[in-house]
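First comes one chain, alone, set out as structure tokens in the form predicted alone.
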Amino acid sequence: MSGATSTANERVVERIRTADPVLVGVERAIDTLPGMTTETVLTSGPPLEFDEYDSGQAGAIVGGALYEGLADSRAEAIEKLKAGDIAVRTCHEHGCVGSIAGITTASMPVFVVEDAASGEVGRCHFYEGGSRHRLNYGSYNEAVHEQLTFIDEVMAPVIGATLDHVGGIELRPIVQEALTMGDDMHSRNHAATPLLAQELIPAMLNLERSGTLTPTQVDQTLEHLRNCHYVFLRPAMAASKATADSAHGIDGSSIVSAMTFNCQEFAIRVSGLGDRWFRAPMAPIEGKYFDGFSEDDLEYMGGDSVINATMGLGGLAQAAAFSLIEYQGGSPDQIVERNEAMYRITHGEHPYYEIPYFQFRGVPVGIDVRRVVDEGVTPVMNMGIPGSQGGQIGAGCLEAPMACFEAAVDALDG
């Protein structure tokens, strides 16, 4: 590695280390996402034409169009999508990220997170709820519509008003503490979500007493927070997006500044290589399936949530979360081995986010495409598994394909 590359990589990693994400509010996508329009449906992964999306992710896109009222039927939505009357764009193109299919439409509320160190802003849609059938898992029916409406009419206004009242919530202390309590900040947020609720509840109750919020609104929001451990994943993803964007665009750097995938391909973006996505076919996932499902039922639908792994969380912090074994399979030895390997392909360690099992060693940060290729080790990511008939059917650990890292190295050397 040249001295110039090493210096550039150190600049990138320093931005990751010093990021100070603050959950500043809740806004509608149309009001906060750069370039968003009322006729646009956002989805996860590197961009494709609508005809290139497979059934699950395509179905989620159609569901987003129907939810937004851009068509009256699936047939009409598909016709408009094919004609370009409804535009399909990616979340990353519009300053946000989305879980699995990542569907975000103009009227949907999104968490807004600002990195106080850099000023960069990231956004992410809300967690829909505990049912395995959700829009981001390719399902759209009356029950899914009702849950999205609940988020829009109850959950988002309550949390938005509460954040306005408190002036924002610092996320770094929550992530820092949750890692010591068994979370990985991707497939496990059982500590982080209650820690976030702990910050929200006093102000929420004050707003109820003042009449700004009704008891019903507050009770329903608290029930959602109590029952849905994945609520925190979404602001965590927005925080990682803001951090990643602050670390992008450093000339000469070989550090990965984004990872994502759609139904067809995995892709990475490299800080020193502009906005080009380096793509490769999806790799198999090693996981644990819910009763009645197997790997024959797997259908990739995309996923931006691996932005957390890009910033040293999720799969790069899985040794903080041994209880994931019950959820996604594997063994303690396997988790430790995977996590230790991540230190060999990264440039540094985080000063605040630590893994107790490793004697509070900082999580590995700054995935270096050259180290990935030299070591023959690719990043690992924890994730939910979507099914071919819609819905979540399991959870597991995905290894990024080597080909996209090799292509990035070739581009750096070209």
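Numbering starts at 1 and follows the sequence shown. Every value quoted in this text rests on a predicted model; they were computed, and no experiment measured them.
The form predicted together with a further copy of the same chain exists for this protein as well; it is not shown, and the discussion that follows is about that form.
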property	result
In the model of the complex, F322 touching a further copy of the same chain (heavy atom, 4.5 Å)	yes
Interface membership of H190, a further copy of the same chain in the model of the complex, 4.5 Å heavy atom rule	yes
a further copy of the same chain contact at G160 in the model of the complex, heavy atom, 4.5 Å	no
Distance check, E326 to a further copy of the same chain in the model of the complex, heavy atom within 4.5 Å	yes
a further copy of the same chain in the model of the complex: contacted by all of L205, S331 and Y357, heavy atom 4.5 Å	yes
Candidate from H145, H229, R344, H133 lying within 4.5 Å of a further copy of the same chain in the model of the complex - any heavy atom	H229
In the model of the complex, the residue from A71, A87, V218, I285 that sits within 4.5 Å of a further copy of the same chain by heavy atoms	V218
a further copy of the same chain in the model of the complex: contacting segment from 263-271, 136-144, 208-216, 290-298, heavy atom within 4.5 Å	208-216
Sequence-ordered list of residues in 47-64 near a further copy of the same chain in the model of the complex, where near means a heavy atom within 4.5 Å	none
